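Shown next as structure tokens: one chain only, the form predicted alone.
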């Protein structure tokens, strides 16, 4: 029998007070290994912090939360296996994470057949919560904004703020996330009056982008658009600068502080859509606690904040449902309105997406070697 590829990590929460009641099991799937490992580790640590806080404060409905976590290794087959185990074997109330759109889309049928709600942390592709016909997936939710919104933010920022009229795109043809952002950027940029002068693809496992970047360099573009994530992102930035391309580079929410380790100061003049500003004063207490608990700086701050807030979103839903019945919790998630979380006030729309969130543009500062707040955009 093939060795099961998932790594089960039972999270022991030392801060749990002495509960006599049975724990409420919630599931978590994270990319602890694989290409998106940096994002997943931050999510795991943040979920641990949120659950410890909740348990220390008395739990939910008088019961402690217990997390059952699987590493999906950034692989769709492992994501599906993890979802199946959480739903069929572990009998969790709901599942949080991971961030990858393709991973969440692959496992969506499992959650809907099992009638267990899934809360995506940063999966921005529309198909995470609706099927190909546009019909909402009843058990799939997300806390982040979508690729159409993100693509429109990138287009509006490039056309208006950077005054770019010609854009060259490099994207991952094997990624739903990347293809979605590319599609929606093109639609919005051309609608504004911009022109796409190069459209170059690569596959997720590629590490050399010089051929595509050379074509982009020769395209007479005003801006480079990098709608992808993972290690490909800093590698592509570095190679672009090595080829002498000093144009501004704009990307989606794939930015992570780990990129400085690979790209170094070549990240200069790059701009990234974000869901939060790492240095927003309202987030300071959380990041201080993250450091206290992990003894590391929280580099993948978007994933960390989203995962942390997902736990509190689920807590609120269980309390409003007055039950741990997965169906009733799903109903409560769908009815979420004006819920004050750490990074936003959350209201669900009819397609299980948050409404009215601003997009934050981060600019990489090579002197401080960090991404700093540049502007906020809410596209029309």
Partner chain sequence: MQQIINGLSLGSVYALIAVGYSLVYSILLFSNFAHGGFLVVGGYACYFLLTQWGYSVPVSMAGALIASGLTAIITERLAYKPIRERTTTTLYLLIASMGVNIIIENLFVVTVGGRIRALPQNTFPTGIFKIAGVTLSASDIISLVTAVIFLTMLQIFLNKTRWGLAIRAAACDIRTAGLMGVNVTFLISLVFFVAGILAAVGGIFLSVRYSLYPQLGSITTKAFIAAVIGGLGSLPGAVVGSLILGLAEMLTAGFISSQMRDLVVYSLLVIMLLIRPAGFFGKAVSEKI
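Numbering follows the first chain given and starts at 1. Not measured: the values here are computed from a predicted model.
Same protein, other form: the form predicted together with the partner chain, not shown, and the subject of what follows.
Here the chain stands by itself, but in the model of the complex one stretch of 151-159, 228-236, 94-102, 286-294, 228-236, has heavy atoms within 4.5 Å of the partner chain.
Contact annotation: of the candidates 187, 115, 203, 195, the single residue with a non-hydrogen atom within 4.5 angstroms of the partner chain in the model of the complex is 203. Out of the listed residues 280, 261, 77, 220, 261 is the one that sits within 4.5 Å of the partner chain in the model of the complex by at least one heavy atom. With respect to the partner chain in the model of the complex, the three residues 319, 336 and 339 uniformly fall beyond 4.5 angstroms at the level of their nearest heavy atom. The closest non-hydrogen atom of residue 59 lies beyond 4.5 Å of the partner chain in the model of the complex. With a 4.5 Å cutoff on heavy atoms, residue 137 does not count as touching the partner chain in the model of the complex; it lies far away. Taking non-hydrogen atoms only, residue 208 approaches the partner chain to within 4.5 angstroms in the model of the complex.
The closest heavy atom approach of residue 131 to the partner chain in the model of the complex falls outside 4.5 Å. Contact annotation for 236-253: residues with any non-hydrogen atom within 4.5 angstroms of the partner chain in the model of the complex are 238, 239, 241, 242, 243, 244, listed in sequence order.
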